[in-house]
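The chain below stands alone and is given in structure tokens; this is the form predicted alone.
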Amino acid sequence: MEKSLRISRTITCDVLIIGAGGAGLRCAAEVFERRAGARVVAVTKVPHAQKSHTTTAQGGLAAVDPTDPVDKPIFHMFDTWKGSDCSADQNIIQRIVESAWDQIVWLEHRGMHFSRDLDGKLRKRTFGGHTIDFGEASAYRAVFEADRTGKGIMDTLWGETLKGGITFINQAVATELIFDRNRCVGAIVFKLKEGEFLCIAAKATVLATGGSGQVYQITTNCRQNTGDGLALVLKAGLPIMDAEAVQFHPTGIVGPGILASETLRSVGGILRNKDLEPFMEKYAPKMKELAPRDLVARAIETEIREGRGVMNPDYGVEHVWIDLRHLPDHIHDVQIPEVSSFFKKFLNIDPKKELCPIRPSNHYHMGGIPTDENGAVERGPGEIVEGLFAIGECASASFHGFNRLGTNSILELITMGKFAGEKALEYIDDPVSLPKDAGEITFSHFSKFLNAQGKEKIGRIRSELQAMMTEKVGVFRSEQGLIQAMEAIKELQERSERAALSQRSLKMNQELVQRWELDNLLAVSMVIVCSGLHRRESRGGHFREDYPERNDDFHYHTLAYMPISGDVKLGRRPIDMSIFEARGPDYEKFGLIERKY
């Protein structure tokens, strides 16, 4: 161990939250409401919690109003189950859906400005895969704040946690989880600006680190989403569940890949190919543009593959169009102002008058750290790690299965944040004991980074990884492509060992942080590829061209362990089918049903 690498100080708290986006702050708010005076520390990678990726969520969050004369929670449960390609856990679906409206009320009572209609009622919009009467018609189920719903949630939660007395540690990353036997007792945290290592002892630790979109070349994710939480648990010998379940949003803006919200299709946007044909009726005759995201993404890619795409001269990529020209000015100006502004800002296109170029962009990781219905992390099926929780996109309870419906992610983060906060309180009266070797794993890794010799470039390796994952492990996959991807990752891992840093200071060393992120991206990529290679079927966002049908021999969750870099071991967790097994009203809708739209 390098003498210069040491723990500068130790901090103690009741609850440590790693990640300060919507899930993490909802958890903190729940802790404060139930235990005034609790000490909560939130570590965030970004300069301010308000820079968290939750702020970019646009369209809304699904929740059934109990006074709605048409919609019912059972319809939302069915849509989520069907949308997941029969691979979400039904106990999780039921608990989250039944808690949804309470969370809308909770947010509004704390100041969130949901959009309302002229009668003063909450305005609602429809999203892909959300229906009434078990698929008979589109459901208007998503409440929203214009097209900046995530920002509204973050404003509300940030205020609540400040009132509770939260302590933020900004521009910092967790590099190691600390365990005392089977109990997590905190983490080692690296402060990027100061170049210091902190040891944070916590009675409960909550991972809320967000997604892993930077694995791919074109993504809607922010620069910081490098799968840090997933890599953290892999290094601790814990599994990632359903790593192969990656979502590609159908409408990424060509060039930057920025999200053009599903709201555009919910308000009437039409997808057109190079001949201006509206093509979604061929792929989803009933739902058309409002089919689930995986189906729409594959439809777009198929149009392009079969020669009906449009070559963009500025970026040299093919795309299709989304047509918004027929929408009234009121919709452009009131319901989708921010999304419209993206086309103007990045492409100099006026959506009121011109067609907008879009193509699928990596968006969301349905897989993640396996948890139970309270967000408690599982080492194996039914075997929780005491004192450790995971919520938000880095976690997999699993509410989304192999395909997430639009608006269900924000719903999940506020409900699971609440549940984890409630459960974490059970630990905060118990003392914790730190092991003597806390930090040794971190110092070993950082010493390797600082002492590396060679001429390989971190940025080049990262770019090659992203390009390869986009080509081989994207919307369409095959055994040959996945094997090639696995070999490529191994080679890139070897090359990364020869990537020397140009300067070895710990303070404000962005190159050091990028080297640490590269290890995380390589680890997450490897478990995605190995899990996808094992799953010889097509299910939701995981589409194998060599196995194009769903095969219910694979009706289970994949668990991937990788305590040693590159050495992936696979296990299984059963998919909960408790609604079906209870044989209640409409239970047959929750069997292994055919997935057509």
Partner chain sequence: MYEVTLKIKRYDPDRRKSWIQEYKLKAGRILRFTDLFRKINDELDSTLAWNSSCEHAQCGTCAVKVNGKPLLACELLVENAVQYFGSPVFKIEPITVAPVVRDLVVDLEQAYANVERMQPYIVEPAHKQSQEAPSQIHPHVLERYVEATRCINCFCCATACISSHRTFVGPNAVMASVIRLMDPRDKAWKVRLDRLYDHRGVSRCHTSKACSFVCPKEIDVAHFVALAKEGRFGNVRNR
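Every value quoted in this text rests on a predicted model; they were computed, and no experiment measured them. Positions refer to the first chain, counted from 1.
Missing here is the form predicted together with the partner chain; even so, the following discussion is about that form.
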property	result
Proximity of Q50 to the partner chain in the model of the complex, heavy atoms at 4.5 Å	yes
Residue contact check: V46 to the partner chain in the model of the complex, 4.5 Å heavy atom	yes
Partner contact for N312 in the model of the complex: the partner chain, 4.5 angstroms, heavy atom	yes
The partner chain contact at F279 in the model of the complex, heavy atom, 4.5 Å	no
Contact test, all of A137, T415 and V475, partner the partner chain in the model of the complex, heavy atom 4.5 Å	no
Candidate stretches 326-334, 214-222, 439-447, 91-99 - the one whose heavy atoms come within 4.5 Å of the partner chain in the model of the complex	214-222
K286, K507, R498, K490 - the one with a heavy atom within 4.5 Å of the partner chain in the model of the complex	K507
The unique member of G454, G268, G459, G380 whose heavy atoms fall within 4.5 Å of the partner chain in the model of the complex	G459
Residues of 161-183 having any heavy atom within 4.5 Å of the partner chain in the model of the complex, listed in sequence order	L162, K163, N170, Q171
In the model of the complex, whether the C-alpha atoms of H130 and L355 sit closer or farther than here (change of 3 Å or more)	farther
Shift in CA distance, W321 and H130, in the model of the complex relative to the form shown here, given it is 3 Å or more	farther
